[in-house]
Structures are given as structure tokens and as C-alpha cells.
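Just one chain is shown here, as C-alpha cells, and it is the form predicted alone.
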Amino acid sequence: MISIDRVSKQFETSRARRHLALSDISLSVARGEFVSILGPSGCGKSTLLYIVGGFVEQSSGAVIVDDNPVTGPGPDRGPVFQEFALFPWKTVLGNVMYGLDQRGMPKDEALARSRELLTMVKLSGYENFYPKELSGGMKQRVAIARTLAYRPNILLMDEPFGALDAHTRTKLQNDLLGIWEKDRKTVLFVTHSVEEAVFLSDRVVMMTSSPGRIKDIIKINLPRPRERAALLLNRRYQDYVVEIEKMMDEQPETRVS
């Protein structure tokens, strides 16, 4: 579904110096797979996600999605970022319907699709609320519903729960897995949290500090569907968390010159 072949990315800094953010990244993601990218701050994991999304162009290498080279953003790849980016002047329903309206979907069909998704993300009854009237977790649910509305084949998620409190984050992780279980979209998920990566993923891609390279790829052999309470008592789950935490601790501090 996603093929990343020897991708590197170099930026020009404000001092006109060159900064190598990513170096020789190669990774394949299968259709329906949930893959998390984990690494220290500044390792380029978000940059890699933006390259797959077509928002940033790689300096070298290639990204192929469903047999087509990535040359820019497309409706096949749905981004969900930490910043909710909702339209404050639109209601919850209006935000979810926006992309469908832009694509010319008949209003009745767009309305039905949007209401179905709001039920899925547990926001039925909040259709006429505005973003300022919602909690952070509710805003992120709206953002997820808005992305799912146009049926992308791939979800690109950049720390979508990073700004939320621990309780809300846990609830949204559970909700995301519930949504994913229904149609098994391909998910590329960036996170700083080892526990989050292990809980959600089929594989965890561990990156080095800058310039970002792939240090290791850990296959998470845990049963699905996953229940948090059961996993917390699962020795294998605990071993994965400890192993990956040790790898994180071994990373040197990122320095940008």
C-alpha cells in the first residue's frame, strides 16, 4: 500500500545552513496495517509523514502509494494532526460535511454520511455545537470524523492525541481501534508514547535521532481486538514496552547546528 524507497530530506535553516532531517529511509506498509513511527524529538518522524501525505517533497528517493508515485496531497490519504484545525464558524456537522460539499456530494447523501460518522465517533447529539463549545477530545473526534468522511484509503496521524489529558487520550485510543477494526484502513501513526505505539500497532518503527534513520522495526504479536485491561496483565505487552523504552533511552540528544 505504501512503499518508501531510500527517502532523504534536507532543509535549509534560517542561517542558510543545510540540515539533514531524514537519511535513506526505506519502509513498506501493507494494506490494512497499523504502523507507528516512534523516536526522539527532532528525528524527522513527522517530516516522513508529511512526505507520504504529499505536503513536503523529499530531497531524494521515492514514495509510492497504491502503485502511484506521490507528487502531492490526495483524497486517498487522510491527515489527522495534533492541531484540530476545525472551522470555528461552522458547527460540528458543518465541519464534517465540509469536504463532502467541496467534492460535490449531494447534500442529503453528505448529511447522512456525516451523521453516521458522528455516531461512530460518539458525538451524536452534538451536531449543532461549535468548536469553542467542545472539549479537546471532542474536537479531535470531529477532526477524525471529517477525515473519514471522504473515505481515504490511508490515515496519516501525527500525534493526534498528544495534546490531550491521559484519560481522554486513553479513551480516544480505544475509539480509534474500534473504528479501525471496522474497515482496517492503512494507518501510519506518529507518536512519542511507547505504550500508545505498542497498544495500537501491528509494527513499531523505531527511528534514530537526527538525521532520522530506521534503527529497528518491532513486530507487535498481540491478539486483536485489543482490550487495555487484558493487555496490562499480558507479559508480552509489558516486555514490548520495556524493550522499546530501553531503545528510546539509548538515543543520544538531538543537536541541530
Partner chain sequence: MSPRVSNTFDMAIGVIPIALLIALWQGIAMSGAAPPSLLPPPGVVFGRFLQQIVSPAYLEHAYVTLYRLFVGFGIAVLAGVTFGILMTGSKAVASIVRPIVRVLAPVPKIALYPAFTLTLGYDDASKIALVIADAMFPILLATYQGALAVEPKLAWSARAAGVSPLKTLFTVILPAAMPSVLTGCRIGLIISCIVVFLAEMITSTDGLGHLLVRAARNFQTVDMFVPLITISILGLLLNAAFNALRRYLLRGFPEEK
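Numbering follows the first chain given and starts at 1. A quick note: this is a predicted structure, and the numbers were derived from the prediction, not measured.
The next section is about a form of this same protein that is not shown, the form predicted together with its partner chain.
- Interface membership of Thr119, defined by any non-hydrogen atom within 4.5 Å of its partner chain in the model of the complex, is ruled out.
- Using a 4.5 angstroms limit between non-hydrogen atoms, Leu86 touches its partner chain in the model of the complex.
- Within 4.5 Å of some heavy atom of its partner chain in the model of the complex lies at least one heavy atom of Lys132.
- Heavy atoms of Pro75 reach within 4.5 Å of its partner chain in the model of the complex, making it an interface residue.
- With the partner left out here, its partner chain still marks one of 174 to 182, 95 to 103, 109 to 117, 161 to 169 in the model of the complex; by a 4.5 Å heavy atom cut-off that stretch is 95 to 103.
- Three-residue candidate spot Tyr50, Phe81 and Tyr150; every residue lies within 4.5 angstroms of its partner chain in the model of the complex by at least one non-hydrogen atom.
- Residues Tyr50, Phe55, Val56 are the ones in 42 to 70 with at least one heavy atom within 4.5 Å of its partner chain in the model of the complex, listed in sequence order.
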